[in-house]
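Only one chain is included here, represented as structure tokens and corresponding to the form predicted on its own.
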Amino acid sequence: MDQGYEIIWQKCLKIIKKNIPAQSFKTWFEPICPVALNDSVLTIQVPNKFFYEWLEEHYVNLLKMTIRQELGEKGQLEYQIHVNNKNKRIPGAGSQDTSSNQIEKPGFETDQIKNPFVIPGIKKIRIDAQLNPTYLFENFIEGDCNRLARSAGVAVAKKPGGTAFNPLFIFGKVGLGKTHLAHAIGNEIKQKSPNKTTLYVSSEKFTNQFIESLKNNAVNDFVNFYQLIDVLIVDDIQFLSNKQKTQDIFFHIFNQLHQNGKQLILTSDRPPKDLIGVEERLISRFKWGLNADLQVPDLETRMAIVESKMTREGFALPGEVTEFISYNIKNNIRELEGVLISLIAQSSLNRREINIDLAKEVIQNFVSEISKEVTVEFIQKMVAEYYDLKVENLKGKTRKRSIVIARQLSMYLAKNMTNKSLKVIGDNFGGRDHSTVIYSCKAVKDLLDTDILFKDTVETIEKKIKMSVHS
């Protein structure tokens, strides 16, 4: 072959350029250097293994066609990966050698890779984890709503990359603590495994960094940087939806980290199966580890969150105010914390005592309708009024049938309309034990199934209670 390898490769590039978008050509083909031509085998040098894998996955047919057009039917392509100034030859498109699975992983020095989290011109010393130090396990209140996710997070923090929870996929609606838990895991790993390189990034920031790397022809630096991470936390992964190129890059980074035993932690506002506009190959990988959901916290958990937050801020909140706030802010922990911040500000700036009145003023800015809490005492009052009894009758020991039915109905409604335990309900009825409450609830259910008039009575009382708490 009397033509040099550079001339042959330039001819190949002209063909390739006509068949792919300009940006793809600039990103994936301009960085390639031809290095040798032996018989009908053209050898090209690529920056790293990821680059080689990308070409083989996305452009292998185009490369085969181009090489054979320039070198004939026996034309073949081989790759060399640049590894710390040493070349490693890889059989490529059209090669009969199948030993590519023996290729060593490229090694990189951190000071040779551009850090997308560092402002240009500022010397980089280390990779900052981008974690919020205030988000810890200590202030992430555990309840039935989040026990699985929190427990899995603790396990991952103890042994990142060494559990079956890889990836750990945490999902739940807005404001339920996904970001808090993700940061808490990262902070715990930083403390217990300081040798691990941990990084938190939102999917939006990840996407913007990738776009910037495309503009600057620095995709290799972008990929190389993320392959250095031992614990990668990506928040709001659902925002990768319909971003094809970003998904492609993330897929390869995910695979590289996972194959090397690195830990991945992902958060989303929905489970993997409900992600729309995300490639199936990514969704299948999201399902590899553990999918743990965060649910809306119950009243007790919300009260614990309120008490914990106020204690950290140095405020003692009256019990009735804690219950009032927790009862009215039900679906969003972030909103709950917003109410507490506003409450503290109003109290501090205006020198006002924190009481129910102040709590009502603050909550009106967060919810359109303030509900009164349904308490056991309130239910007793409503039932007693309906049956023309005194509340003391419901707490007493009399066995008169009309009073027994009213007492049992009060217990039944207390169980269904409050979050109080059976023991607490029993205590409110003259110190009766939980078994009495259980028996009373069963007796009422039996009556509801057999007595139409009694059923109408129960529905009427329930309606009055609901109307009263929303009035």
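The first residue of the sequence shown is number 1, and the count goes up from there. Since this is a predicted model, take the numbers as computed values, not measurements.
There is another form of the same protein, the form predicted together with a small molecule; it is not shown, and what comes next is about it.
> Though the small molecule is not shown, can you say which of 387, 135, 239, 327 has a heavy atom within 4.5 Å of it in the model of the complex?
Residue within 4.5 Å of the partner: 135.
> Just give me the single entry in 307, 230, 248, 337 that has a non-hydrogen atom within 4.5 angstroms of the small molecule in the model of the complex.
Looking at 307, 230, 248, 337 one by one, just 337 meets the 4.5 Å heavy-atom criterion.
> Look at the stretches 375-383, 257-265, 171-179, 219-227 and give the one with heavy atoms within 4.5 Å of the small molecule in the model of the complex.
Answer to the contact question: 171-179.
> Does the 4.5 Å heavy atom contact test between residue 198 and the small molecule in the model of the complex come out positive?
Answer no; every heavy atom of residue 198 is more than 4.5 Å from the small molecule in the model of the complex.
> Do residue 146 and the small molecule share at least one heavy atom pair within 4.5 Å in the model of the complex?
So residue 146 counts as contacting the small molecule.
> Is residue 156 close enough to the small molecule in the model of the complex to count, meaning some heavy atom within 4.5 Å?
No.
> Report whether the minimum heavy atom distance between residue 140 and the small molecule in the model of the complex is within 4.5 Å.
Yes, residue 140 sits close enough to the small molecule in the model of the complex that at least one of its heavy atoms falls within 4.5 Å.
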